[in-house]
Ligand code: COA
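Below sits a lone chain in structure tokens, taken as the form predicted on its own.
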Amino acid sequence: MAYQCIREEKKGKIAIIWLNRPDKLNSLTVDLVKEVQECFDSLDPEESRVVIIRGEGKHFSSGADINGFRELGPMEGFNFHRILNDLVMKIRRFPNPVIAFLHGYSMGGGLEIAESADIRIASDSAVIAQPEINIGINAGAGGNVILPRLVGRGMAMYMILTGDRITAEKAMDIGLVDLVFPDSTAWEQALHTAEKISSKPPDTMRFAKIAVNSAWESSVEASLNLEASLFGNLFSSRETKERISEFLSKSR
């Protein structure tokens, strides 16, 4: 398929989805998110035993493209969140393992997409954060729902309420990242991990994912629906509008 915002690559039994807006720090737009969904829909699980999501260039993703937020109202905010939710659930329901490779900025909605991958591998210079609170919004793709399941309630609240950036090593210490490698070898190690997993018995691999997810995420979808409602409602807030405008003014 011809994509505008992503590109797809195949390496044997591994499919790589590249977020391909490097000049915009691979920030998320509706078009990009829909193309990632379309790419997952096009994958044959027999041919793509493992999927890796990574960013083109220096960064995984800086999060949602805030330029699109200036004119959002509550319903538009809700709908944008639902599109992100659809991708998150597609990743979680894909029958084969999905690996997120975090490098450079890995923040906001980009990080939240990675939180729904089965394994997160990071380069040691990755910059990781849930900074949405700084512009008056909440998480856009499950950060309030999935992050606490990964790192615990207290640490999730700290990340969500401060918006502070953390290192890849810190992210591994708290359980947000599973493996960290030096920048010079991280991508090679991510591919090696994917190759190792892709060589395992496919049905056993898929049943393992089903069993682990079933035990771990009993009410994720209901919680995502609540989070979407809260996200959309914030676009009726004057402070949110002001913070988005201030952020966009500074970024020019």
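Note that residue numbering begins at 1 and tracks the sequence as displayed. As the structure is a prediction and not an experimental result, all values here were calculated from the model.
One more form of this protein, predicted in complex with the ligand, exists but is not displayed; see below.
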item: Proximity of Ser27 to the ligand in the model of the complex, heavy atoms at 4.5 Å; value: yes
item: 4.5 Å heavy atom contact, Arg165 to the ligand in the model of the complex; value: yes
item: Ala64: touches the ligand in the model of the complex, heavy atom cutoff 4.5 angstroms; value: yes
item: Partner proximity in the model of the complex: Pro148 to the ligand, non-hydrogen atom cutoff 4.5 Å; value: no
item: Interface stretch in the model of the complex with the ligand - options 86-94, 117-125, 167-175, 101-109, non-hydrogen atom within 4.5 Å; value: 101-109
item: Non-hydrogen atom within 4.5 angstroms of the ligand in the model of the complex for each of Asp23, Glu132 and Ile137; value: yes
item: Neighbours of the ligand in the model of the complex among 32-51 [non-hydrogen atom within 4.5 angstroms]; value: none
